[in-house]
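The chain below stands alone, shown as structure tokens; this is the form predicted alone.
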Amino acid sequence: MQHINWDNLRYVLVVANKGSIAAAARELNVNRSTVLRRIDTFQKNLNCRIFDRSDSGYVLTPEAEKMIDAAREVESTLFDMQRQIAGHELRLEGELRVTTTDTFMLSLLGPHLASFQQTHPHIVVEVQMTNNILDLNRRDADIAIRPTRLPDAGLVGRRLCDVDFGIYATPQLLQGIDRKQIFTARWIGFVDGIMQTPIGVWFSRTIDIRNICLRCDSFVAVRVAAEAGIGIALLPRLLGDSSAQLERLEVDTSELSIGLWALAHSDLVRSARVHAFIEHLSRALA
């Protein structure tokens, strides 16, 4: 039997975790044909079938399950080693991968990224802007700037500031609405990702589904839709208050306030780059 190609195994593990070729391709930032070719090569090299194709996606064959479980343990050990090695890096140079949402990139972080680069010109910050929560255990990113009420176990960092919310609409849209009846007017809603958060719970409890005229997967898209007069929007005040086209209504949304955190895996907080970045943001947003 040939030796296992660990690079091809990485593709197999992602498909096993995601359950589909398309999802794995997005995760690996390659096209579908590349994922299929890597899996096919891996199977031919071992002379065994790894996946069965079903209506629900790609499922591991019984013969492959034990091998993949063992490979996941090896992968987890490698990630642990990488984090621990990176956590002892003392040089203020090299790459630093930061993940955040489009909301905070657009409304908050630009000037602070610029001042960090001026202070630490030998650190190259790689920003991954996504509304998905990346896995810091797997080092998908070094630092996550995300809103949360309680950081996940194993993550440490700083609470940077509070994120407050408000209700917004264009003055033209509000002209035809009784301010006492705004919750029965046209609203811009959210797709599943946001609906699983406390924001989504409040929205489901407050707004009748029949009054939703459009759904978006990010607050930036919600603001664009609200500025076009499509409906009323719930937005972080960082976004809503900065819009010249929107008016904030006097509605109490204080229960939605949430902390914005800069988080890293506990193994990485001793890294000079990670420590410097979190300290910089903490001072800037204090």
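Quantities reported herein were computed from a predicted structural model and do not represent experimental measurements. Numbers follow the displayed sequence, beginning with 1. Heads up, when I say rigid core I mean the largest set of C-alphas that superpose within 1.5 Å between the two forms.
As for the form predicted together with the DNA, it is not shown, yet the points below apply to it.
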Subject >> Stretch in contact in the model of the complex with the DNA, which is absent here, among 31-39, 242-250, 216-224, 255-263 (heavy atoms within 4.5 Å) >> reply: 31-39
Original post:
Is it true that 186, 233 and 237 each have at least one non-hydrogen atom within 4.5 Å of the DNA in the model of the complex?
Top reply: no
Original post:
Of these, 268, 12, 21, 278, which has a heavy atom no more than 4.5 Å from the DNA in the model of the complex?
Top reply: 21
Original post:
Quick one: is residue 51 in contact with the DNA in the model of the complex, heavy atoms, 4.5 Å cut-off?
Top reply: no
Subject >> Core fit, then residue 24 C-alpha moves 2 Å or more between the shown form and the other one >> reply: yes
**OP:** Establish whether a shift of 2 Å or more occurs at the C-alpha of residue 11 between the shown form and the other one, with the two forms superposed on the rigid core.
**Re:** yes
Subject >> residue 242 C-alpha shift between the shown form and the other one of 2 Å or more, rigid core reference >> reply: no
